[in-house]
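One chain follows as structure tokens, the form predicted on its own.
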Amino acid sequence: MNLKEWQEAFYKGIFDPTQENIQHACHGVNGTENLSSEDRLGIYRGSILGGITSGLTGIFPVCEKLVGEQYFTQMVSGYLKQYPSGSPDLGNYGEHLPAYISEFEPAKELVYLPDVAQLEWLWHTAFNATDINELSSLPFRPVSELAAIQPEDQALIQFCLNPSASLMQSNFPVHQIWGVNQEDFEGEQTVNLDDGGVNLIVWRSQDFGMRIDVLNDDELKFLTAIQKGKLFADIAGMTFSLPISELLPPYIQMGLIAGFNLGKQ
């Protein structure tokens, strides 16, 4: 086998350890007096899979708590095979776990679990988002420059959300499920799924405080339009229960709207 073929065989021997794949992977593994090549590969496999599983547990601790350590380990074992990591940073691994859980047959009755995983992934990405102050060049103009925009250009304003922010919708009160499973939570740990769905924005403020904010339908509609890069003129033409003059300022003041650009008509 050439190098590429052996690398592919070795990968399959780790993540898809059928007897045939193990034999192919061991072509480049030397055995010792006490350990066969298969044994040495097995030790390496256990180390790799254990490390990745541990990393996923760190990103999705509530999911692991809800189903138990053994169940979670078994559940993600298939994820490791189906979604190989494409990054040397283990912190980037886990984006597709919510989708995988939604198709994981043994967890079908845990209808809220994929959305809990999605909330945890958004929390993880928000927590690790690059600090705006560390960017060599901002992808937008600061809101302090809004006052300098000429009236004829105001319709072209494209507001920009804080780069850490992500929106999500769920048919279940996943923010409550997430909250009662935090280590510092005190109180009744029962969550009523009949409380219904929720709109959320997950983000990190400029003072590094992590936030999960509940949005009403108008707020979700407004922030989704901003996220999609709609011009201010288009947003102003949308129907909301509150005037734009009341919707916009609080998000600027709290730092959720971090800047703006000028688009084109």
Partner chain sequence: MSSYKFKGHEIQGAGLGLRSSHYQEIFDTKPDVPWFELLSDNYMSDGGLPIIRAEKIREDYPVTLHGVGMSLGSTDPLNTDYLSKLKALTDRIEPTYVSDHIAWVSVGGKYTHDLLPLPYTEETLHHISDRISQVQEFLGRKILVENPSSYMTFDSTDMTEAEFIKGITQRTDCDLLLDINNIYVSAVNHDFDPYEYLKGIPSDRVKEIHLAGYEKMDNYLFDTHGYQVHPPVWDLYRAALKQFGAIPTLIEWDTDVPSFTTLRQEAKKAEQQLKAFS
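Positions refer to the first chain, counted from 1. Being a predicted model, the structure only gives us computed values, none of them experimental.
Unshown form predicted together with its partner chain; subsequent notes refer to it.
The stretch in contact with its partner chain in the model of the complex, judged by heavy atoms within 4.5 Å, is 43-51, chosen from 195-203, 43-51, 64-72, 222-230. With respect to its partner chain in the model of the complex, the three residues G58, E105 and L110 uniformly fall beyond 4.5 angstroms at the level of their nearest heavy atom. Contact annotation for Y251: none of its heavy atoms lies within 4.5 Å of its partner chain in the model of the complex. Among heavy atoms of M238, none comes within 4.5 Å of its partner chain in the model of the complex.
By the criterion of a heavy atom within 4.5 Å, N261 is excluded from the residues contacting its partner chain in the model of the complex.
Within 4.5 Å of any heavy atom of its partner chain in the model of the complex lies no heavy atom of P151.
Taking its partner chain as it sits in the model of the complex, the stretch 1-30 comes within 4.5 angstroms of it through a non-hydrogen atom at N2, L3, K4, W6, Q7, E8, F10, Y11, F15, G28, V29, N30.
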